[in-house]
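Take a look at this single chain, the form predicted on its own, given in structure tokens.
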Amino acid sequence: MERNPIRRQLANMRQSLFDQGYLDEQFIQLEELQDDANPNFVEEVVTLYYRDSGRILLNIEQALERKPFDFHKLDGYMHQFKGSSSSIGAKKVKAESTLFREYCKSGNGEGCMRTFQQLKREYATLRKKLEAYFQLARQAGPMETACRPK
């Protein structure tokens, strides 16, 4: 029936998120926690991530507006953001977070500014891709959402 092509499209979309380097194995671990009792677990975790991480990004943005930079504070915020990003498997976002922290440690304000802009782009791109993914997953209906590995 109609569900099969949607499931295939969902599996392809999921695989492309890994192939393009947006997600890592942590996302698979989240999927493994999803079951019939909580069929939207991964989507709920990702939704919470975007809600909470938005506040951290705002704190970083405000700290970057203050000169001189407080690299210790910026690094603390980014450490928290990186941890949250790691927990959902946001691979590219995590990589930009790591780079930002390296610039903080070396006192490179220009590097922090540049990396933060790239981080925000990666964060927004991943959000759009995951929103499309979860929308398609809802259309596919319950099952092993996203064709999880057994």
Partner chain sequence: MELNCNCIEPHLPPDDLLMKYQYISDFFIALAYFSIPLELIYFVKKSAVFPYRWVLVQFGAFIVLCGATHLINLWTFTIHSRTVAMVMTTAKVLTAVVSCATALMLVHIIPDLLSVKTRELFLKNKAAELDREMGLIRTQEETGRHVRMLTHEIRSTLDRHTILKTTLVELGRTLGLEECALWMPTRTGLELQLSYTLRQQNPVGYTVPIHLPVINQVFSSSRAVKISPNCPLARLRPAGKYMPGEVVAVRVPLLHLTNFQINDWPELSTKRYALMVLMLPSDSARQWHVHELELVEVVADQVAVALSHAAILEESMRARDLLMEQNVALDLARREAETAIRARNDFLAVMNHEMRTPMHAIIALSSLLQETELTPEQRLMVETILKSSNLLATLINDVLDLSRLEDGSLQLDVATFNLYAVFREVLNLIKPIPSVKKLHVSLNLAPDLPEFAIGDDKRLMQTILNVVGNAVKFSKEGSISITAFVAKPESLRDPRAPEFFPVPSDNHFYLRVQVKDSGSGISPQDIPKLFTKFAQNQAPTRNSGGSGLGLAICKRFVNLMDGHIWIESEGLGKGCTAIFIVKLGIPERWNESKIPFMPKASTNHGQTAFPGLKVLVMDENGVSRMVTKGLLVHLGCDVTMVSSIEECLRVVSHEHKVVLMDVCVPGMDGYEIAVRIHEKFPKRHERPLIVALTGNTDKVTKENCMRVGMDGVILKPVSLDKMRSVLSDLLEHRVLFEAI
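Positions refer to the first chain, counted from 1. In this text, all values refer to a predicted model and were calculated from it rather than measured experimentally.
The following text describes the form predicted together with its partner chain, which does not appear among the structures shown.
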Partner proximity in the predicted complex: Gly83 to its partner chain, non-hydrogen atom cutoff 4.5 Å: yes
Contact test in the predicted complex: Ala95 vs its partner chain, heavy atoms, 4.5 Å: no
Non-hydrogen atom contact Ile88 with its partner chain in the predicted complex at 4.5 angstroms: yes
Touches its partner chain in the predicted complex: Asn108 (any heavy atom, 4.5 Å): no
Heavy atom within 4.5 Å of its partner chain in the predicted complex - the one residue of Ala63, Met113, Val45, Leu57 that qualifies: Val45
Its partner chain in the predicted complex - contacting residues of 35 to 50, heavy atom within 4.5 Å: Asp35, Asn38, Phe41, Glu44, Val45, Leu48, Tyr49
